[in-house]
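Just one chain is shown here, as structure tokens, and it is the form predicted alone.
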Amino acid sequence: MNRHQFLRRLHRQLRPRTYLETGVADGRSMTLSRVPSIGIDPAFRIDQEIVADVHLARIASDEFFAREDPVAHLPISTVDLAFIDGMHLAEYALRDYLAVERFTHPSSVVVFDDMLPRTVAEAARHRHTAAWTGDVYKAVQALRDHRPDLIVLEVDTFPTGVVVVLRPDASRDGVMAEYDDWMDIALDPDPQDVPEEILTRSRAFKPEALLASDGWRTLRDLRDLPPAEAAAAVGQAFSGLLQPTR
């Protein structure tokens, strides 16, 4: 299953009320949405039919999220499903997550693309291969290390994997106190020291197995709950997935 097939299934199972993505490119992921949406990309080149009510912002994501009300286009201020596929550098991906998190509920789902490079060369910060993930896998490791409240699930999609983040917390207001210290140690020169579990995908779920969870349906039922109550329920709904089986 590739990333777009995985996203299509997520749209069907989550039935999100709103959708946002960074890194629109040619529109292949945006075309999956059927709800009010926002797409952010300073150089999108859409060649797909888009049938959603979408605000396309030809602007860098940092600048977009600095606006007074960046999600004003949406009928509600909550992003139910987000896809982060912008600049392939760890610091940009992490900032995109922190920016999106400001507009989430614990029942929201955030998906990162290109999280499981197959080789060290693919994970380089400076592109020199046809297929390129960059070092965005480090952004999710930062969330694992500094945000234990989140549920972080690697998924073995073709070709370069995705990561699903559950139980975001908008009350943090886009702040990760450890960001500057993380930057000092994370941004190493090439070649990157890619962890073996990333290259071998030893922690990753098969997409079909993850999508089979009843937890996705549960998320839809939690959207009207107070955040603290919803966060506890999300943890319970996905507790059986915290030890992946292949």
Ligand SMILES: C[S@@+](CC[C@H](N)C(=O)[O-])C[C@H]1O[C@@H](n2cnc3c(N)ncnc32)[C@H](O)[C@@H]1O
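Owing to the predicted nature of the structure, the values given are computational and were not obtained by experimental measurement. From 1 onward, residues are counted along the sequence shown.
Below: the form predicted in complex with the named molecule, not depicted.
Exercise. May I ask you to check whether I40 falls inside a 4.5 Å heavy atom distance of the named molecule in the model of the complex?
Key: Answer yes; at least one heavy atom of I40 falls within 4.5 Å of the named molecule in the model of the complex.
Quiz item: Is G86 close enough to the named molecule in the model of the complex to count, meaning some heavy atom within 4.5 Å?
Solution: Residue-level check for G86: yes, a contact with the named molecule.
Practice problem: Check whether L20 has any heavy atom within 4.5 Å of a heavy atom of the named molecule in the model of the complex, and answer yes or no. | Solution: L20: no contact with the named molecule in the model of the complex.
Quiz item: R8 near the named molecule in the model of the complex, any heavy atom under 4.5 Å?
Solution: R8: no contact with the named molecule in the model of the complex.
Quiz prompt | Options 197-205, 23-31, 214-222, 66-74; stretch whose heavy atom lies within 4.5 Å of the named molecule in the model of the complex | solution = Looking at the partner contacts, the answer comes out as 23-31.
Practice problem: Let me know the one among A209, A60, I46, L56 whose heavy atoms come within 4.5 Å of the named molecule in the model of the complex, would you? | Solution: The option sitting close enough to the partner is A60.
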